[in-house]
Each structure stands twice: as C-alpha cells, then as structure tokens.
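What follows is a single chain, given as structure tokens, in the form predicted alone.
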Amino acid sequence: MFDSGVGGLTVVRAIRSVLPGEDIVYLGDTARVPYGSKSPRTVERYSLACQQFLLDRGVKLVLIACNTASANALPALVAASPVPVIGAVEPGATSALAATRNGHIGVIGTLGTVRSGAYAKAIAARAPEVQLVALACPLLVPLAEEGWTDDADEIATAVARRYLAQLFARDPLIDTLVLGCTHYPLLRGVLERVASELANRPVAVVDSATAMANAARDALRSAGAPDLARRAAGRLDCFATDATRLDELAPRFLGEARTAMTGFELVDL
C-alpha cells in the first residue's frame, strides 16, 4: 500500500489485525506530502509512480492508503495495474451506508478529498436517496501528527467542535460520520464524542482504515489467496521518499513502540 505520508500506517495497523499473516510493502511519499492541497493531475502523477514502485516488488494487491489519491487517481491506477486495486473511498462509502439508520451521512477529510466529491459520488451510486454533507478539516492532520489526540485534550476537543459544528449546522440529522483521512482514526475518540454531543444522540463513526482492511480481506478471499491461512506474522517492509520525522511519527500511527519498528528504507521515485 502507499500513502502520501505516514498516515496510511493506520491502514497497516488495521490490515495486521484482520490479516496478520500477510506480507505488507508500505510506501510513504513523504518527500511530496501533503497530497490534499495538490491538483488532481499532480496527485494522479504521484500516485502512478507510487503504485509502480509496489508493482515492481511483486505485490498481489494494491491498497491506496490515501483518501486524496483514491478520490483523484483511482481510475488511472486501476487501468495501470495488473493486480486488483482498492481505494479508500469505496470501502468507506459502503461501510457508511451499512451504518446509517436514517440516511444522513457526514464526511470529513482533506481539501482535495472533499473537493473531489468522491464520497458523494460513491454513495449516490449506491443509494441516491441518502443525504451527504462533506467538510474539509485541515487542522486535524497536524493534531494527529503532534500526538494531540487524547479525548481529554482541550485543543483537540476545541478544533473538533469548531469543525463538526459547521457540519451539523448543515445537516442536524447526521447519524454517521466518515473519517475520510487516514490520520483521523487517531482522533476517533474525540471526534465520536463531540459529534454525539452536537447531535444529542449516538453518532456512528466509520474510518477508512478499518473499511479498507475488511475490503482487502474480502478481495483476497474471493481470489482464493492461500496466505490467509498463515499463522506466522507477515513481514512489514517500509519505504519512504524522505526521512523527516519518520522515527517520531511512524510508531504513533502504527500503534507500536519505536523498538518494534523495522525502520524505513529511503527511495527515489
């Protein structure tokens, strides 16, 4: 799988929970992060280079652990790949439709993801009667990277409330919130609490990392992949295009101590 940075390690964490025997090759394009503020054409070009890096290593499945790349480059990536490609948007949309009780869904993500309208298109294709509102929440990414994610953190709570109040002002009936960025699962606790407080009722939270892991499991099962039965833990090979803050951020997103990390090999695309 690839991401524009280290946020996609939340997908790695989910994959290792659902498919512990699978070998994973992870590429973080940290030299060109963030993708969320780039043009669709640039995101597509970067994404194709990342995918080719993975294909050159003989992978059997490509996961786009980046909502912005999924929203802007999925058709080109599918066309260029001889193996199945799974983006973040389709699994997230499917999970959101399964979770909603009243057909009112909110999506938060990067500017690039929200501008693309990818979630709205994916949900409308499946259930045109569902109401969806989306909001870009750019400050949530640095909060996650700084580790200011605790449910009791005043800054995280204030930022979450500022954004989600705008979302619920546009549709007070939202009962399902999609975390449309791989950084956001680190803030799941505070986002779920604030959303439920604003709605004055429980709000279901769907994160794309978990949804992608489940989609990968289903795809491999459909293909009859023998590795699903492996009991030994799979390998995790990590690559990045720049070393900035990797030692600090990677363990936080992967959910493992720094001593458990095998480290990143730096590469050029």
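Worth saying up front: this structure is predicted, and the values here are computed from it rather than measured. Residue numbers here begin at 1 and follow the sequence given.
Omitted here: the form predicted in complex with ligand DGL. The next part is about that form.
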item	value
Non-hydrogen atom within 4.5 angstroms of ligand DGL in the model of the complex for each of T100, A120 and T176	no
Segment assignment from 196-204, 47-55, 33-41, 239-247: heavy atom within 4.5 Å of ligand DGL in the model of the complex	33-41
Partner proximity in the model of the complex: V107 to ligand DGL, non-hydrogen atom cutoff 4.5 Å	no
is_contact(V141, ligand DGL) in the model of the complex, heavy atom dist at most 4.5 Å	yes
Contact label in the model of the complex: T68 to ligand DGL, heavy atom within 4.5 Å	yes
Interface residues of 1-21 toward ligand DGL, as seen in the model of the complex [heavy atoms, 4.5 Å]	D3, S4
